[in-house]
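For reference, the chain that follows is the form predicted on its own, supplied as structure tokens.
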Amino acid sequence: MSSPPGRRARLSSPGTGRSSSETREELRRRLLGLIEGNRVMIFSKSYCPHSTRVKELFSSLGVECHILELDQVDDGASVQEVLSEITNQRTVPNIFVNKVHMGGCEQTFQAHQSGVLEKLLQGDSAYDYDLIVIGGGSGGLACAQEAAVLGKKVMVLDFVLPSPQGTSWGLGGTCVNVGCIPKKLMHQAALLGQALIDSRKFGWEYNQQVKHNWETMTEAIQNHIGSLNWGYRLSLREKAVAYVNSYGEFVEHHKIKATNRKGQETCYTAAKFVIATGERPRYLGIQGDKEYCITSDDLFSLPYCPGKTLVVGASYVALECAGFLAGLGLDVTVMVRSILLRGFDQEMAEKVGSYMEQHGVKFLRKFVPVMIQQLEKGSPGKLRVVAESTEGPGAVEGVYNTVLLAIGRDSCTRKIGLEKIGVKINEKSGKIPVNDVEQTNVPYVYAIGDILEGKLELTPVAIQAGKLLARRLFGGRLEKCDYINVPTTVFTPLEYGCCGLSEEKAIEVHKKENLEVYHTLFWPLEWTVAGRDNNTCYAKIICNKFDNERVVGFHILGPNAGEVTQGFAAAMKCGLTKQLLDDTIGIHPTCGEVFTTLEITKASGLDITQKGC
């Protein structure tokens, strides 16, 4: 067997007296030096048949290789470990051509057969782009822009398929257009209505009848969203990211087809891809649902007031929408199949529902719609809804102006050609399984955001994951996205903020006997003069008794819960304990200070009602 014209590489000793982290970083630098300093760099093992095949390939091409035999150097195992961090490939041969990671034996031979290897050896870029991001939502844009800042040639493909009601929107994804941003603004509109009521008790006098104008609100919100859409496009342009308003679909390895609104198709290639396509609202699959119902895709730009509304579902989207619609003075009913806020702490969820019910939202529990029928056309029209009980025989029906479906969301992964390149998805959910660096089973394809299996569906999570992914791929960084102790808030009329484990999950993970739950009701000072509900707001922390009473769950139901939770989330990242809370001096008078004075445990059974400020 003839040996290839290769040079055997040696790694110099990093020296003694260094910490393991310093030694590892030095090894990483030396490996990157080998990769960047050689036309062809092969990390091999002398006895590996796949490594031998690759060496023979380059020999037949007359290409000189630089070879490091990992079984013949003292720190071969460490080299392979650091290589796997750099490339996410754990096996040999591990091959680089002109600084581009080819992969292993099979990928190198595929590149040779397709002509890509020849282009790389000639020093030409083998692909149109270093990175193509499919999906222009928060996570996709964050990843694309970070990669561009790191000097890479990047494209973003974004295309919004209109909802069954014909609604579509601009660049920025769900959060900006039909999610967090318009939701919070409509929530604010409802809070201002409550503030008007409270203001009389604080001395404000006004005689004219105050009413809400839906069209004025939606126009202002859509104008703000439009400015955000423009800002995103401008930011991409400034960073030289190519933005293409077309639907992306894989046609073969490293190649994607982009179809625009006119049906015109263009193909692009890239070394790496990031899937960030997000999710869209789910429909019921019953008579009349897509014809007559709306979803959150449609609500925030609805050109008319929805009137008497049935909200189907008990997700946070359902309760948030029901809450602000009721706060704007509408007649609102929520139809619940099973439980409120699945996945959240159920004690808190029931308190959220109870507050909404006390403030005019009606709940139809244990029912599911089976038919939607249009009685009258109009803006809004009239719809007849027939629903059946989930607990046996029994049906109800009602007439509403609008039916809003909020029963969950489906991942947009089934019609983008993933099967053509072998990317695995969960066939039931459509979610994409990834490893701890957001890599799919196809090494050059990554995924971030709501489409990930087993990860949180939150905008800031997608943004963080996208930025860190780009830095790992193109910036030589190692930091991974931390999906633990991510704070969130449900913007219901009385906001619910949480971080860490629900009480149910904490019991499952740590066992009930190992936990101490501290809790209290509280009365915000702002509510006292206004004569609003005493002993409705609620705070609790869940502590691990045998880990220095470390806080593993943080929960608050009260005004501005999101603002309160954000600060405590940082403390939880730092290992917050009950003693640290006790040692913290509160800001008086605030809602957040209640966590610095928690004394009563659930186990004690003592009364937690409050009688003073």
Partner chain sequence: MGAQCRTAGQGDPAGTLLWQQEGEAPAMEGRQGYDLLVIGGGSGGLACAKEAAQLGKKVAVVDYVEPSPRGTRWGLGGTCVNVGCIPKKLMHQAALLGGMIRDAPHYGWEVPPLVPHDWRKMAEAVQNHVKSLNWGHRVQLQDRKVKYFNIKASFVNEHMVCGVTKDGKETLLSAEHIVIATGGRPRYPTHIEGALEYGITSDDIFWLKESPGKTLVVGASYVALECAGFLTGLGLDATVMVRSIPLRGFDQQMSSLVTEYMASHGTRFLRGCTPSRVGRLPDGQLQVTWEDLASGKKDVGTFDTVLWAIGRVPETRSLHLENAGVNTHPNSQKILVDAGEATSVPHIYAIGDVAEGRPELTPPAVMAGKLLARRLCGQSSDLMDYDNVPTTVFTPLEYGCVGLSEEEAVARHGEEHVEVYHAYYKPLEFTVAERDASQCYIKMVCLREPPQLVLGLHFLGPNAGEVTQGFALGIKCGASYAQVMRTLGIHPTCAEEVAKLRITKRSGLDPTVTGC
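Keep in mind that this is a model prediction, so the values were computed, not measured. Residue numbers count along the first chain shown, from 1.
Although not depicted, the form predicted in complex with the partner chain is the subject of the following passage.
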- Does the partner chain get within 4.5 angstroms of any non-hydrogen atom of residue 565 in the model of the complex? yes
- Task: Would you check, heavy atoms only and a 4.5 Å threshold, whether residue 393 touches the partner chain in the model of the complex?
- Result: no
- Message: Residue-level contact is defined here as any heavy atom of the residue lying within 4.5 Å of the partner chain in the model of the complex; does residue 593 satisfy this criterion?
- Response: yes
- Item | Touches the partner chain in the model of the complex: residue 344 (any heavy atom, 4.5 Å) | no
- Message: Just to be sure I understand the contacts: of 261, 511, 237, 211, which is the one whose heavy atoms reach within 4.5 angstroms of the partner chain in the model of the complex?
- Response: 211
- Just give me the single entry in 353, 327, 93, 313 that has a non-hydrogen atom within 4.5 angstroms of the partner chain in the model of the complex. 327
- Contact segment among 304-312, 282-290, 195-203, 69-77, judged by heavy atoms lying within 4.5 Å of the partner chain in the model of the complex: 195-203
- Of the residues spanning 154-185, the ones with some heavy atom within 4.5 Å of the partner chain in the model of the complex are 175, 176, 180, 181, 184, 185
